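Taking the form predicted alone, here's one chain by itself in structure tokens.
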């Protein structure tokens, strides 16, 4: 079948290309709601290195999105079903390494075409059914929620059982989602959020405590911590976590930084800390996230607070307008209602 793909060919330049694709044994999904990620912006604005841009462009952006099933000759879905599309496409299975860490996996919007397409032609295992009445604007960034789900599931295995106080460093989107999911998963634990912006911290209404990072002298230590700051903020966040965590605590690293981050290994050793990183997610994490939507519908209500704007896309200029608006947003997610 013929399919139109909207590829970024150079920073801030999106061009359509029509390609022929084989849909045999695949699910054809019409994207309906997409969400812009910071990783998409690094490509769109051209802030990745020239070497990376030369290697990966032209490429369709976006790895967060949902769609409506058009047809499925595998019998897994019915036409009209609303599904979340999985951006990670593993090419092998490993007994010990999860699909999102296999170096052979292909990831949409990172070297391979993302969801900015007329239709997505997917293996049935690369889509997960959503409730028909789901808030589509929120469901658009289910991929981001699944990343938090993945990190918490790993924490559940790695961390020791004393979880009276769990700290989250970062007052952005990831910090908000991780804090919310921790609050839901560990209702008896105190969720303590540390951030730089007081107005953002006011939105963490489900947290037990919120603190500005420059005023923590009297704050009780935490048993475990999640670093969700990312960027240049990772340095200060990790340094403060090591200082404000109890011995033998576990630190989950989620913030992405383009530069190397120094770590006070002396105190890591002295306190016997465990540091682990998490990136992306797999099918099990998407399924667990959708199950969370079913069991705790209030989570969707809290996540709705992250929807900063919803932008209609009917032509290429609408796509670039959405990306430009996303650059200027104070916080939250920019959602695209996809009608290309």
Ligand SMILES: O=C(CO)[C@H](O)[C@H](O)COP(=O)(O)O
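Remember, it's a predicted structure, so these values are computed and weren't measured experimentally. Numbering follows the first chain given and starts at 1.
The form predicted together with the ligand exists for this protein as well; it is not shown, and the discussion that follows is about that form.
Please tell me whether any heavy atom belonging to residue 206 falls inside 4.5 Å of a heavy atom of the ligand, as the geometry stands in the predicted bound form. Output for residue 206 is no: heavy atoms all beyond 4.5 Å of the ligand.
Residue-level question: is residue 56 within 4.5 Å of the ligand in the predicted bound form, judged on heavy atoms? Yes, residue 56 sits close enough to the ligand in the predicted bound form that at least one of its heavy atoms falls within 4.5 Å.
Can you tell me whether residue 112 touches the ligand? I mean in the predicted bound form, with a 4.5 angstroms heavy atom cut-off. No.
Hey, in the predicted bound form, does residue 283 get a heavy atom within 4.5 angstroms of the ligand? Outside the cut-off, so no.
Please tell me which of 70, 313, 273, 39 lies within 4.5 Å of the ligand in the predicted bound form, judged by heavy atoms. Looking at 70, 313, 273, 39 one by one, just 39 meets the 4.5 Å heavy-atom criterion.
To verify the annotation, which of these, 178, 147, 120, 83, has a non-hydrogen atom within 4.5 Å of the ligand in the predicted bound form? That would be 147.
Heavy atoms, 4.5 Å, the ligand in the predicted bound form: which of 128 to 136, 159 to 167, 104 to 112, 73 to 81 makes the cut? Say which one. Selected stretch: 104 to 112.
In the predicted bound form, residues of 40 to 71 near the ligand [heavy atom within 4.5 Å]: Sequence-ordered list: 42, 43, 48, 56, 63.
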